[in-house]
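Take a look at this one chain, the form predicted on its own, written out in structure tokens.
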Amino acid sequence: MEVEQLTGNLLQGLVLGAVYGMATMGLSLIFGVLRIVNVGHGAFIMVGAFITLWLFNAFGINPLLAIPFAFMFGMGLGLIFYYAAIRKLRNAPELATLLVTFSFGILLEEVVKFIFGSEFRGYNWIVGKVNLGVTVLPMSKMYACFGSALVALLLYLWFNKTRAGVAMRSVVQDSEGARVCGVNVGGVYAFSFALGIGLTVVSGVMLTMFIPVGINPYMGGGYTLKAFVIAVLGGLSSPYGAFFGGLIFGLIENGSYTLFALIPGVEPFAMTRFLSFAMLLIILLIKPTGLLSTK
């Protein structure tokens, strides 16, 4: 029975891991291009969750159709924050950008709290279930998994098959060389930040498809921690590494939860949170550039 339960949990962890990976891609993209650590990352995920909640409850728009709305809103939010503060701090000490992105997170949380209140919310989107033998998954979770994988694939194709994607990669490799070759480096920085925030907000939509309850203005803290662990696991500056890192993290998180539940006197949820911190510390000590990094 334990083996079947562990197998089912690992399968669920793989599905959730795809969403985790997608939720971390924006963080890794911003760091890879601008070398800025967005410590307000979880607040942008929260914004995506509230966009989904509002569209569903107010207009009956299902979460799949909320994705383009969330992406465009996130892009706009990213551009506003970039030109309001980030552009002026491009060459500032790291502490300055850390404080600014932290302030972004606090600002978003308080604005959402003012508009929607601080209570926990949720929505009920019933789309059936699929029986995978060892576990039963709601189709909403499958949609979130496939949607996250599709976003990761589209980002990969965009980076490698479009002129804008090649320009962004050239800025990452050598910004001055790219400038000499005619690349609008400032524009690339602005677009990269906006794209990273757009992806992060979309990930909030995906997460509500997986967990449609518990939506509140301060829900992002736990996801920020997980995103940093996944980013370090997959390689800090690699969006693709972040996606695969999310898959690994999802397997470890759900698998460890099952194993911790077998230990008498141990609270499984608390131990999985401890494991996240332990993984972050161990990975930084062994390979600071990330386990999946090629550097």
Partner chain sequence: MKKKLIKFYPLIPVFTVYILLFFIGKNVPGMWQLVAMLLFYCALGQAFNIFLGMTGYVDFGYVAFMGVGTYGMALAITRLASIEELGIGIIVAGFALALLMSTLLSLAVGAVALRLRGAYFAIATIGVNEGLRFLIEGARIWNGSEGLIFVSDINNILGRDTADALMTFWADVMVLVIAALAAVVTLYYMRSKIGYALTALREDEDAAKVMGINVTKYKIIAFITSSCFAGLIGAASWALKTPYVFPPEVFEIQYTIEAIIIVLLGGAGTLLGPVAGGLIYGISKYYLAVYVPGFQLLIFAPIIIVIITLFPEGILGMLKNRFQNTGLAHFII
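Positions refer to the first chain, counted from 1. Keep in mind that what you see is a predicted model, and the values were worked out from it rather than measured.
Below, we refer to the form predicted in complex with the partner chain, which is not included among the displayed structures.
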Contact residue in the model of the complex, chosen from Y257, F31, F244, F56 - any heavy atom within 4.5 Å of the partner chain: F31
Proximity to the partner chain in the model of the complex (heavy atom, within 4.5 Å), stretch among 108 to 116, 203 to 211, 122 to 130, 138 to 146: 108 to 116
Whether L95, A270 and F277 all lie within 4.5 angstroms of the partner chain in the model of the complex by heavy atom: yes
L153: touches the partner chain in the model of the complex, heavy atom cutoff 4.5 angstroms: no
Distance check, Y223 to the partner chain in the model of the complex, heavy atom within 4.5 Å: no
The partner chain contact in the model of the complex: F193, any heavy atom under 4.5 Å: no
Interface membership of N160, the partner chain in the model of the complex, 4.5 Å heavy atom rule: no
Any residue of 77 to 105 that, in the model of the complex, places a heavy atom within 4.5 Å of the partner chain: A84, A85, K88, L89, E94, L95, A96, L98, L99, V100, F102, S103, F104
